[in-house]
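Taking the form predicted on its own, here's one chain by itself in structure tokens.
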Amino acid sequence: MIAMMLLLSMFDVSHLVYIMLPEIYGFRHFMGVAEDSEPPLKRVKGPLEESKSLPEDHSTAKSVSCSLGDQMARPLTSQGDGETIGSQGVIRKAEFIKIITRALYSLGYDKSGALLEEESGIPLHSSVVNLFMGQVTNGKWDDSVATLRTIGLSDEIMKSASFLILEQKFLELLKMEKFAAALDTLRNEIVPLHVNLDRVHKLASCIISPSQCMRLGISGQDTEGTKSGSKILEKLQKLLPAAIMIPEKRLEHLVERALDVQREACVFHNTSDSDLSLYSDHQCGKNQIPSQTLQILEAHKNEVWFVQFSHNGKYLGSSSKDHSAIIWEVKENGQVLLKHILCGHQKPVLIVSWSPDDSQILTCGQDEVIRRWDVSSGECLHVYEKTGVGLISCGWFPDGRGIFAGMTDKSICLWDLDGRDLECWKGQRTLRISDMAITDDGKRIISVCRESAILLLDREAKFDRLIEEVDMITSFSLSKDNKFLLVNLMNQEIHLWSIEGDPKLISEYKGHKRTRFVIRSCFGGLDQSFIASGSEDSQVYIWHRCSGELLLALPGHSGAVNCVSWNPGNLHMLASASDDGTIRIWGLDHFNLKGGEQSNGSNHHCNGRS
């Protein structure tokens, strides 16, 4: 053995592979071992042949030798063959019973599975397949390859399956330091399959360098008896036709697909998966969409221009023409209560923006300054301003360590939390009426750069992309996954754009009214499957995102609805801000808070710093 290892160490891996592939390179001898004259696939040891590499128990193989020659794994004639069940006659009874049997075994109900096989007369697998599975599980690699040849597979599948089994045999021989036997398996059994030659070369390198096995992702646990057999069987189940070896958890997969189809067909679907049931077909009604006014918040003294829920859904921020912003707290019972009124701005407050961890909030005055506030105390922590230039929009870095702002001079500036300039882009980057956003990876800043164009600015590549619209843009909203942009236009349309790669228009939403004011829309509901928007006709409009179908128009406000926000932490809560000076909280129509509609304008706390 030592002499052999010394000889092997004299060759590099490429020379070793060259020697190991006699069928490819034409050599007929290696270390004095003569080549077998049989065709490659004939060299696989039969069930009765004594294995030279691994100890085998041949008690089972003897009984099979008489029956495997003409017993291929064709569907056995049994009680369920040809029969169908179900009202449409498309479900084969035998397949149906086999899938149920497989599910029982998967769930650990072995006695019930065996009883169903016996009572129905429909075996889960043929006797040949059962034999094969047992041989693989017990690590009888030579016998399992021989049995595999009797199952009636296509040549391609048989070779791929044989490769998986023989590779495992090779690795176990290496672990036992039977290098000559491992080399023989590689040369005379694996190579003739002509499958995955790149992998064959890597396996060959394992003989000289055992550490190569680790680089191939092969651990010692992969070659431990029954455990290795079970892993190989899992791989074979994915490779072999489903009619021969029923896939694991096939019944669960079919049921999940059925639920997926029902969910996708449900226009009003807005419930969590935990609410789905197998007892009846799933169908949500309109009552799963927030459509009932649960509260009217009246703390603002003038038009409310903007509302936005925090990322965790526990707070609501609003801003108004009355020069103030308000932090509202969403209680566990669904009530929305006033927490802080933020005073200090000398002009109307355009928007608010929550920090990534929701502990702070920005407020942006119209052509004025940006203020940063502590949510817990309501204290103003910092004021951001630039001499001679007004600020018109703002947002946070994804890591919460800085902010960005759009300026009246059409530039975009980035500051750290202490107000130090980090970056600034000059030129026509923003408009006086402008939304801004930054993707979660911090790589792209999005802003309205012309009346009918949105700029996608790549900070790393220093590359600009444009979304060219057909009319003037009034606002936009970025989806939670950063893949889509919702754009509101002057022509009373809302466009959905995909911004992955080259921008592409996906859907259009129509029906709301917009003639004079900035109207904002948002994504919302389960998986952001809905689009909500304000409207100048005092209503809130809701569309199905994929189909574009208008689902609801919600009356209630007495002035233009400027902005809407869907609570990311509560699928059934929506907020709307209006020129009537109120914020409405919408919920499900079968849910009522005690006391009905509530006003929360009395707890006035001014915590601003001029």
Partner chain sequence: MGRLFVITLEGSVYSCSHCHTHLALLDDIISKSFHCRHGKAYLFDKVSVNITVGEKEERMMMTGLHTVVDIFCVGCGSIVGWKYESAHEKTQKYKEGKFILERFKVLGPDGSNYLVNHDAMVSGSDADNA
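Numbering follows the first chain given and starts at 1. All values derive from a computational prediction rather than experimental measurement.
Only in words, not in the display: the form predicted together with the partner chain, which the text now covers.
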| item | value |
| --- | --- |
| Listed residue (472, 417, 255, 296) with a non-hydrogen atom within 4.5 angstroms of the partner chain in the predicted bound form | 472 |
| Interface residue in the predicted bound form among 303, 117, 184, 172, criterion: non-hydrogen atom within 4.5 angstroms of the partner chain | 303 |
| Any non-hydrogen atom of residue 270 within 4.5 angstroms of the partner chain in the predicted bound form | no |
| Interface membership of residue 405, the partner chain in the predicted bound form, 4.5 Å heavy atom rule | no |
| The partner chain contact at residue 340 in the predicted bound form, heavy atom, 4.5 Å | no |
| Any non-hydrogen atom of residue 518 within 4.5 angstroms of the partner chain in the predicted bound form | yes |
| Stretch in contact, per heavy atom within 4.5 angstroms of the partner chain in the predicted bound form, of 378-386, 134-142, 303-311, 158-166 | 303-311 |
| Triple contact flag 374, 480 and 528 to the partner chain in the predicted bound form, non-hydrogen atom at 4.5 angstroms | no |
| Stretch 476-514 - residues with a heavy atom within 4.5 Å of the partner chain in the predicted bound form | 490, 514 |
